[in-house]
Every structure is written in C-alpha cells, then in structure tokens.
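Before any questions on binding or motion, here is one chain by itself as structure tokens, the form predicted alone.
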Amino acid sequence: MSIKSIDPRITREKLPEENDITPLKEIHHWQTYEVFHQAKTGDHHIHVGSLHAPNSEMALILAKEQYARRYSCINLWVVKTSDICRTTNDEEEIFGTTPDKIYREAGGYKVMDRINKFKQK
C-alpha cells in the first residue's frame, strides 16, 4: 500500500508506508570533496567549491564538468574534505606576532632614502 497525501505529487510517487531498512551499498555512501582550480601555469590553486562523489575518480570528473567547463583551467585538485587538516579557533595565538620583532617587517628598515639616491645616480 502507498502513502495517500493531500499533495498529489507525493501520491503520484507511490511511496510505501513502511520504511525500507535495506542497508546501503558502498556506492551510495558518497563523500564530500573540495575542489581547487588553477587558471594559468604558475598561478596558485584556488578553492572554488565542494562536491559529493562516490570516489576520487568520479570526483575529478564531476569537478571538471562543474568547475572547468566555463572558466579557463589547466589543472584541478580534488581532496576529500575529511583529509584536510586545520587549526581550531582555540589555536589562534600561534599566528600572533611579537611586537618587539619589528625587524621582521620591511617597514622596520629606514633605507628608502638611500635606495632613491642610488636610483638617481
């Protein structure tokens, strides 16, 4: 017997009233992949989006169709989202700079006047 609904679209589907508890096959367990795109040789790869695919080969095909069809592209990377390592928000202090180490920044050197004099010679 199928589900009867007020919505005719649901009735047309003839969905069974009982839940199907058949275990899913491995092909039905799709994973999320992150896609990185390179426009020209020597450019950095840029994250352009995510997609779902059953395996990495299919992810590459889907990424090519989705992200390399409309834009100039010479290279694609697809990476499982679960394989990406990241820092947590609690670890933000590792990116902080020490204010007494001004020598690490170019603004700490006062040589622009000497460089300009050299260019004039």
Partner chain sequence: MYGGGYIFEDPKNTESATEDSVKLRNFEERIAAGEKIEPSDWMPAEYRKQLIRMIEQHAHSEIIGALPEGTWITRAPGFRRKLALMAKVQDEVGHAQLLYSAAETLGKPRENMINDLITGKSKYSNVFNYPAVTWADTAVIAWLIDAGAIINQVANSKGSYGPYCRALERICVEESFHLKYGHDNVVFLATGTPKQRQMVQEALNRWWPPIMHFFGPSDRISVHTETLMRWKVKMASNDDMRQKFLDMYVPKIWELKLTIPDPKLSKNKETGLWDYTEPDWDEFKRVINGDGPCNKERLAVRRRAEEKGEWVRKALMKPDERYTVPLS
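Positions refer to the first chain, counted from 1. Treat the numbers as computed from the prediction; the structure is a model and nothing was measured.
The following text describes the form predicted together with the partner chain, which does not appear among the structures shown.
Though the partner is left out of this view, V111 does not reach within 4.5 Å of the partner chain in the model of the complex, counting heavy atoms only. Though the partner is left out of this view, N75 does not reach within 4.5 Å of the partner chain in the model of the complex, counting heavy atoms only. Among residues of the shown chain, I6 is one whose heavy atoms approach the partner chain to within 4.5 Å in the model of the complex. Put simply, E65 is close to the partner chain in the model of the complex: some heavy atom of it is within 4.5 Å.
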